[in-house]
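Shown below, as structure tokens, is a lone chain in the form predicted alone; questions about how it binds or moves come after it.
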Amino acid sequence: MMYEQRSGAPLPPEGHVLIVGAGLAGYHTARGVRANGHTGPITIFGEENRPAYDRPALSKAYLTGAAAEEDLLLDDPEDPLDVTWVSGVGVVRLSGSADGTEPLGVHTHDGAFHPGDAVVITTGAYAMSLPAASSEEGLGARPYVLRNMEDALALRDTTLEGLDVAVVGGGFLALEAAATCTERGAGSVTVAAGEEHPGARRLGRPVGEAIRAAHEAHGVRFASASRAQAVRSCHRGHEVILADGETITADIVICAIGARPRTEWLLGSEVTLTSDTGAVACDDTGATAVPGVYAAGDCAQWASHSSGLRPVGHWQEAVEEAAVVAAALTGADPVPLQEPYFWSDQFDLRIQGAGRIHLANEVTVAEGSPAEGNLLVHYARDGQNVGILGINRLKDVTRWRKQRRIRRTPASAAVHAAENAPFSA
């Protein structure tokens, strides 16, 4: 979905920036705006009664108790951002129109209207879950999810010792949860990944084989390659029902099957939402169809996402998009989007991927083997290298990323567009 650039002139230094969403993208947008010299007020709205925090540890260190809540906080308590935090107050409606007839701002559930000179939408996404099949009378199927600190806290406070755990999903969040539950002493952990080798469809079979081998070496069991369809509760626990008829019985079910943009509060506004996921449609500065309104992070679909040039949902993506939006708001030099990057820690595996792996049609193991858990994998599209993945290969991945780093210059946006041109949809 493409449309004319709507970002317009940068804000005056005294302009009021409203940021809806107190997560990673929201916090880094505020930090970028301040770093670019903006002196006007910044207000950040968050539904949780917590300061902004980092989420990757929710399925790892926080879940094991190795990290406390204060370890995840994004803001430095000794040098806090100069912003106004409005916590525990949900935003229910966006005000603003393409023709400028409606005042720009947001309405909160307490009935208040908050005017602003720019609005940045960073509301993130909801965790998806399995539908509930018919359960035995008086019981309800409630799988755990790991989208926020409340979710992780509920699971962290549950004693897993000796219990049977079923993890639904084959992505990194699911696999990290499986590893963490194993390390916390679960009696058994079964993963319903929906494929024989988790991650193989996205990253290639050798990577999926290496991940599965590492988990099986620690006692994790993998269900059949059939997808999970539903979960039901019974007096002996829960049952995860797969499409091929297999049933996984467990005391605890953790669901990590993806997320949907948290944008229902924008229905009825003039902001364009994508027809498939309901994400906020943006250009590659984060600008939406409404002047003065931007979006970044998991709730947004930028033009480069729509064209298939970039993946959606990575930690780095939210941070970089926040910097791009901050530059657009303040009139700073354009910030180039770097090659996508992601990582995951599972048992003794440190998995790192960089580049446009999702575009590859050639996957080559350069070094190592799945059995040894030390893979170095190259990804190419029609013979041109587009990505790399390393398992316990920090130096190789770091070197690849440094070689492709784009410097911030006034012309960097055009350079970046030219480099991406061969892969345009």
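As the structure is a computational prediction, the values presented were derived from the model and not from experiment. Residue numbers run from 1 along the displayed sequence.
The form predicted in complex with a small molecule is left out here; the points below concern that form.
| query | For the spot marked by 120, 323 and 327, is every residue within 4.5 Å of the small molecule in the predicted complex through some heavy atom? | reply | No: none of 120, 323 and 327 comes within 4.5 Å of the small molecule in the predicted complex.
| query | Taking the shortest heavy atom distance, is residue 144 within 4.5 Å of the small molecule in the predicted complex? | reply | No - in the predicted complex, heavy atoms of residue 144 and the small molecule never come within 4.5 Å of each other.
| said: Is residue 347 near the small molecule? Define near as a heavy atom within 4.5 Å, in the predicted complex. | reply: No, no contact at 4.5 Å.
| residue 58: touches the small molecule in the predicted complex, heavy atom cutoff 4.5 angstroms | Yes - in the predicted complex, heavy atoms of residue 58 and the small molecule come within 4.5 Å of each other.
| residue 211, heavy atom within 4.5 angstroms of the small molecule in the predicted complex | Result no; residue 211 lies far from the small molecule in the predicted complex.
| Heavy atom contact within 4.5 Å of the small molecule in the predicted complex, the stretch among 337 to 345, 160 to 168, 286 to 294, 222 to 230 | Contact criterion met by 337 to 345 only.
| field | Partner-contacting position among 32, 46, 390, 387 - heavy atom within 4.5 Å of the small molecule in the predicted complex | value | Partner contact (heavy atom, 4.5 Å) among the options: 46.
| query | Of 124, 116, 96, 204, which residue is found within 4.5 angstroms of the small molecule in the predicted complex when only non-hydrogen atoms are counted? | reply | Exactly one listed residue reaches within 4.5 Å, namely 124.
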